[in-house]
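For reference, the chain that follows is the form predicted on its own, supplied as structure tokens.
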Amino acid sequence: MGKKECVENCPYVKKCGACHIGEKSYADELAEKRKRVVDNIGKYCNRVNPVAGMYYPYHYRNKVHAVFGKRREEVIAGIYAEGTHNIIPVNDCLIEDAQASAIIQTVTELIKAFKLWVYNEDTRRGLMRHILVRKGASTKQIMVVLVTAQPEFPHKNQFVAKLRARHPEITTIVQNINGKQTTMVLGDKSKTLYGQGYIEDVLLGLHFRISPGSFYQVNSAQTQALYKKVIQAAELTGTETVIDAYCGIGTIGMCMHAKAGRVIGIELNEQAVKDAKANARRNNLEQMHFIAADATEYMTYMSQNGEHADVIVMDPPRSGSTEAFVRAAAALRPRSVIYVSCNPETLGRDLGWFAKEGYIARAAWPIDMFGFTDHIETCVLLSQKKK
């Protein structure tokens, strides 16, 4: 099935804005994504490989979010239309996990059955704001996060019992409280209503604990392809010191651990570091260390104390890195930097900063993690310029 067929079968594609590419074959989509990468980084990297596409680019999202709203007297769940706060009801999205879509539909029905108020952004009144469903692709464990505007959740025990009866595959249910006027989905406080409050997944043979707010790649199959490419590009021999910057819950660094001497994960988010440490213990990784700190500041501290890193892996957010980070990374004199990027535009800018510090992009491997969207992941190998 090609892209054109998918678009024709999706009733939301003209409305929700989640898919931006239009009616193209999947092959054409991959070619266009490679061109976008080349256009943005070709100045700094001559070797951009073909995009590694998905075998089956449907229902790949293991993390599904919906916002609740009202349309007349009906409770709806969906996503905001592009550029607006108008909710488009979505059921059985073709890029989202099918079980997650079914659970969201059930929760929407239960909100109406229990007569719970849906949150209104204009009046700032109501209870039910969002739902987040996360699934372990390997373990099949499922987490449901119900985001409420207030801590009080009327009939929560009965609500949970009804939801579990309809979906026994759910392994944990969490209430997250977000009373702020914000575009952020999750608030700072959570209550576990059922189960452990987290799920686990297996990636390249390692077990990872995933909390409601943990960063974890949404496409499990392509994540394994990406991490294998990172490990291959690093050319580890078993003696190297590796820094995993912007490490989140530690997935990349932990997958590199078996081939490195020691790995240091650096992450500013304290909850992510807590999960990362639990992940390392769970997998008996004794030479895996995690630091809750700003990566730029910590690498600067390391270099000022005469420390050195052989390989630095970085996976920053869409906004990319900073010139200060690049300088701090270069000060550690790594033989290689592996840059994992989800934004070709900021990637190109950052490669320019690395070039100023004497690091040249040798090769790039685009990997399609987000089929039928305009997003593309890219792994780039940088090394010191030969004198």
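The first residue of the shown sequence is 1; numbering continues from there. Keep in mind the model is a prediction, meaning the values are calculated, not measured.
This next part talks about the form predicted together with a small molecule, which is not shown.
Note that among 316-324, 51-59, 346-354, 28-36, the stretch whose heavy atoms approach the small molecule to within 4.5 Å in the predicted complex is 316-324. Although the small molecule is omitted here, in the predicted complex all of 227, 267 and 295 have a heavy atom within 4.5 Å of it.
At a distance threshold of 4.5 angstroms between non-hydrogen atoms, residue 312 is out of contact with the small molecule in the predicted complex.
The small molecule in the predicted complex is approached by residue 217, whose closest heavy atom lies within 4.5 angstroms of it. Contact between residue 251 and the small molecule in the predicted complex is found at the 4.5 Å heavy atom cutoff. In the predicted complex, the small molecule sits beyond 4.5 Å of every heavy atom of residue 263. Screening 246, 153, 198, 117 for any heavy atom within 4.5 Å of the small molecule in the predicted complex leaves a single hit, 246.
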